[in-house]
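Only one chain is shown below, in structure tokens, and it's the form predicted alone.
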Amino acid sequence: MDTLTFDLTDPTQYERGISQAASAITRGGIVVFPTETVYGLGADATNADAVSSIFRAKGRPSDNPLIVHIADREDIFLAASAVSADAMKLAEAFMPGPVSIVLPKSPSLADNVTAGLSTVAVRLPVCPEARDFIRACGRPIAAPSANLSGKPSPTRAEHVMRDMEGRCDVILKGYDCSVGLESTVVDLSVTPACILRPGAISSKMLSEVLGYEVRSSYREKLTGAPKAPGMKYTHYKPEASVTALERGTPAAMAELIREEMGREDGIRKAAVVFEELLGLLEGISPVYSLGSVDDPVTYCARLYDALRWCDTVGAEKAWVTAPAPGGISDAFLNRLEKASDRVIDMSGKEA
């Protein structure tokens, strides 16, 4: 497939890029577009054949539902058949933003968008390029992340070029994703609401708006079909075998990295660490810095780039440091654990 590419950071390409992408959607094609979370691979959410093209391009299992993206808050009624008072509270508080709300599905949406479920996750991105694209399409856009299934999600234009050039009709290149992790998915089709996938919008933030505690169900064993992406299948994995280091001090994590990397002779190794460890790992190479352990916005935005970097440097094994749980760090931990072959609890227990 020939892929047209437009750089939306170049003002001379912006309008033509949006127009060509919208035309591709109208013809039943698929388009890569930037958002603040990760790049998406979009199709007309009302066109089952177009939606099927997403699954083929990614190699994505057909029982893994897609999120439907809208351009304006009132468009939530195009995707959902019913919008509760709680849904409106969340929409007013967090839309546009990195949150997807699970609601009863509109009959206008293709059944394969939701893998046959009666519910759909709806999201309104902050990213103006995403909203201009969706608005130009004149319809809701179904879109998972624009990566090959199971691999780290794309947060930079070079990531989507590597994964999707030749697999889609149009690529809209934008700026690096500012959030860098997929949206929080909150299920309002159940009472009380619960989080199916953690993201930048925390349970505390949701609870404050709804007036009751929003629990997290993503740690529970899945029974039945997944209601949101990221609940069932292996995700976010680089080619390297990843060891995640959790609940450790910088000194303890650096010591373990030195010890384990020193034992692994004859293979290519890499470390992905907080900047507080850099001085403790002098002589270790290559090393990717996630930024400060006190800067969750930065280390979350860098996680997928770091996992892809492991493959770029040809690492066969990689060690990745993790932050303490809480807030957006829960999303970082969720994605890292899904990408890892081994998780070491530095308080003494290995999982």
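The model shown is predicted, which means the values in this text are computed figures rather than measured ones. Numbering starts at 1 and follows the sequence shown.
Heads up, the form predicted in complex with threonylcarbamoyladenylate (TXA) isn't pictured, but that's what we're talking about next.
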Exercise for the section: Just give me the single entry in 46, 64, 289, 298 that has a non-hydrogen atom within 4.5 angstroms of threonylcarbamoyladenylate (TXA) in the predicted bound form. Expected result: 64
Problem - Among the candidates 144, 174, 238, 199, the residue which, in the predicted bound form, approaches threonylcarbamoyladenylate (TXA) to within 4.5 Å (heavy atoms) - result: 144
Handout entry: Segment that reaches threonylcarbamoyladenylate (TXA) in the predicted bound form - one of 112-120, 206-214, 75-83, 264-272, heavy atoms within 4.5 Å
Key = 112-120
Handout entry: Distance check, residue 60 to threonylcarbamoyladenylate (TXA) in the predicted bound form, heavy atom within 4.5 Å
Key = yes
Problem - Contact test in the predicted bound form: residue 38 vs threonylcarbamoyladenylate (TXA), heavy atoms, 4.5 Å - result: yes
Practice task
Flag residue 155 as yes or no: does it have a non-hydrogen atom within 4.5 angstroms of any non-hydrogen atom of threonylcarbamoyladenylate (TXA) in the predicted bound form?
Solution key: no
Problem - Interface membership of residue 245, threonylcarbamoyladenylate (TXA) in the predicted bound form, 4.5 Å heavy atom rule - result: no
Practice task
Give, in sequence order, every residue of 175-208 that has a heavy atom within 4.5 Å of threonylcarbamoyladenylate (TXA) in the predicted bound form, or say none if there are no such residues.
Solution key: 182, 183, 185, 196, 197
